[in-house]
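Just the one chain here, the form predicted alone, laid out as structure tokens.
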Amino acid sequence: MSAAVEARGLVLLEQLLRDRGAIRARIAAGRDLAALTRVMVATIAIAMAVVGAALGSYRGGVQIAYAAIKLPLVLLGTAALSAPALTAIGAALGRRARLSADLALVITALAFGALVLVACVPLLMLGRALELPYHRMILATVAIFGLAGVASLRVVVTALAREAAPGCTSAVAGLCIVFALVGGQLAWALRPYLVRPRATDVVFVHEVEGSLFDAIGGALRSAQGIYTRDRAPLPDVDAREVEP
């Protein structure tokens, strides 16, 4: 990669952090969207690998590499599926169809969310250093990812609001639903990222069971000390000694 290309990438990242209006104007004008998209894809890949490694460090070992590989796939997969949905919903409501611009916008929004997550890595590492219990660590992770998701959606909402095109409000609502469903399902399908400290085996992905919302509900109950022992049995303890 030449020095000029690297410098241009750093300029785009600085604009993403300090002057998102310039990024929005570039996307609206359709100016060199391919270069913008490449920089944002690289940003997502690197930033989410860092976040994944931080999450994987809760268990350590090979889980650090597993989580560092999977988290970038979650965000890039979300972008690949959400951008066409935004274009289709908008076109159905009278908005001009611009798939390349919508893809650049969604990728840019997710890149901003990825940078928000990187900024929260010290919080994740603090939880690990304090030996935060497993389920509380899960809830903290969900809260941090929720914050990053809101930041990403805000980038898209602001850009679409400035278009003042027909159907923008409905398109934004549709995109929010798609974001939540697609991103949540991809994240659920590629779990685990955190691994129970007492788990004997570390796997790249779990078999599909239940739903993301079931898992969050279970984590909330477990964080309060309410456990389902057939799912989280205690090691080396006779089942008759475990309270129901």
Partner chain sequence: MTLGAIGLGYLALGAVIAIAALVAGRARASDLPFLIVLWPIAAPLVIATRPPDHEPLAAE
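Positions refer to the first chain, counted from 1. From a predicted model like this one, the values you see are computed outputs, not experimental measurements.
The form predicted in complex with its partner chain is left out here; the points below concern that form.
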Quick one: of Met137, Leu115, Leu76, Val157, which gets a non-hydrogen atom within 4.5 angstroms of its partner chain in the model of the complex? Leu76
Only one of Leu123, Val142, Ala92, Ala80 gets a heavy atom within 4.5 Å of its partner chain in the model of the complex. Which one? Ala80
Any chance all of Thr37, Val41 and Leu103 sit within 4.5 Å of its partner chain in the model of the complex, going by non-hydrogen atoms? yes
Proximity of Leu33 to its partner chain in the model of the complex, heavy atoms at 4.5 Å: yes
Does any part of Ala109 reach within 4.5 Å of its partner chain in the model of the complex? Heavy atoms only, please. no
Distance check, Leu194 to its partner chain in the model of the complex, heavy atom within 4.5 Å: no
Though only this chain appears here, would Leu190 touch its partner chain in the model of the complex if you measure heavy atom gaps against 4.5 Å? yes
Counting only non-hydrogen atoms, the one stretch of 195-203, 182-190, 46-54, 59-67 within 4.5 angstroms of its partner chain in the model of the complex is 182-190
If we check its partner chain in the model of the complex, which of the residues in 113-139 reach within 4.5 angstroms of it by a non-hydrogen atom? none
